[in-house]
Ligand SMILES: NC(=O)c1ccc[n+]([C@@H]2O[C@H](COP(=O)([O-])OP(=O)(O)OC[C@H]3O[C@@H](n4cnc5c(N)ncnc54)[C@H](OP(=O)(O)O)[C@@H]3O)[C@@H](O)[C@H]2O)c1
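Take a look at this one chain, the form predicted alone, written out in C-alpha cells.
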C-alpha cells in the first residue's frame, strides 16, 4: 500500500527514542520529510542522520522542550520557514509519572500532566495553521493501555494520558470541518527503554519479548493474548497509517496495539 508520504512533511514529537523513533524511521522509509522534536540536541542530531540514511529527503532538527510554549512556537516557526505547510503531527511523548497516590506531590502531578497532555496541545495549537495550509493533514497522539486498564502505580501517568485521549476525541470533532483527521493509538507492553533495566536485573535478554512478558505477567497479572511484548516497529506501522493520506475516513478513533486484550 502506498501511504502517500512522498513529498509530504511530518513532525514527530518525541522522535528520538522508542515508539517515536520507530515511527520516524517508518516515515523516512516512505520518503517523508521529517521534523524531529526532542530535548537532547545531540540525540536529535544522531536521529536525523539515521533518518536521512533510511530515506528521508529532508530532516529538520528541532531540539526543544515542549513544556515551554515559547520553545514550541519556535519549533513550528522553523517548520513554517522550511516547508510552509505540514501534513502530519505525531505526538509520542510519554511522561515520567510512575508512582502511587501517596508517592506523588502536586508538582509531580503537574509535571506529568504537562508532559503528556498540555505539551501535546501546545504542539497542536502551534501547528494548526500549517496543518490547515496543507493539501491534507492528520494528527496522531500516543496514549497507553493503562487508560483502559488502571494500575495503582500509574495513577498520574494514566490520568494524563486519559486527558490526552479526551482532547483527541474533541479535536477530531472540532477539526473535522477542516478535513484534519485526529486519532489516538494505545500501545500495550512494548520493549522500549523503560523495560531494558528491568529485564537486565532479572537476567532476561531484551531481544526475548516472550520472556519479558512472563516477567510482567508475574508481577502485574497482565494478560496479552499473543503472550509477548510488542516491538516499537509494530506500533509505528499503525501510527504511520493513521498519519497518512491513505487514512481518509477514520477520525476520533482509539486504536489498541496491545497483542490482544478485552479492551473496547
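Residue numbers count along the first chain shown, from 1. Being a predicted model, the structure only gives us computed values, none of them experimental.
Keep in mind that the form predicted together with this ligand is not shown, yet the notes after this line are about it.
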> Taking 4.5 angstroms as the cut-off for heavy atoms, does residue 59 touch this ligand in the predicted bound form?
Replying inline: no
### Query
For residue 17, is any heavy atom within 4.5 Å of this ligand in the predicted bound form, or not?
yes
I'd like to know if residue 26 sits close to this ligand in the predicted bound form, meaning any non-hydrogen atom pair within 4.5 angstroms. no
Contact test in the predicted bound form: residue 143 vs this ligand, heavy atoms, 4.5 Å
yes
This ligand in the predicted bound form has a heavy atom of only one listed residue within 4.5 Å, and of 127, 156, 190, 171 that residue is 190
Heavy atom within 4.5 Å of this ligand in the predicted bound form, from candidates 40, 46, 225, 233, belongs to 40
Of the candidate stretches 88-96, 103-111, 174-182, 130-138, the one with residues having heavy atoms within 4.5 Å of this ligand in the predicted bound form is 88-96
Near this ligand in the predicted bound form, with a heavy atom at 4.5 Å or closer, the residues from 40-78 are 40, 64, 65, 66, 67
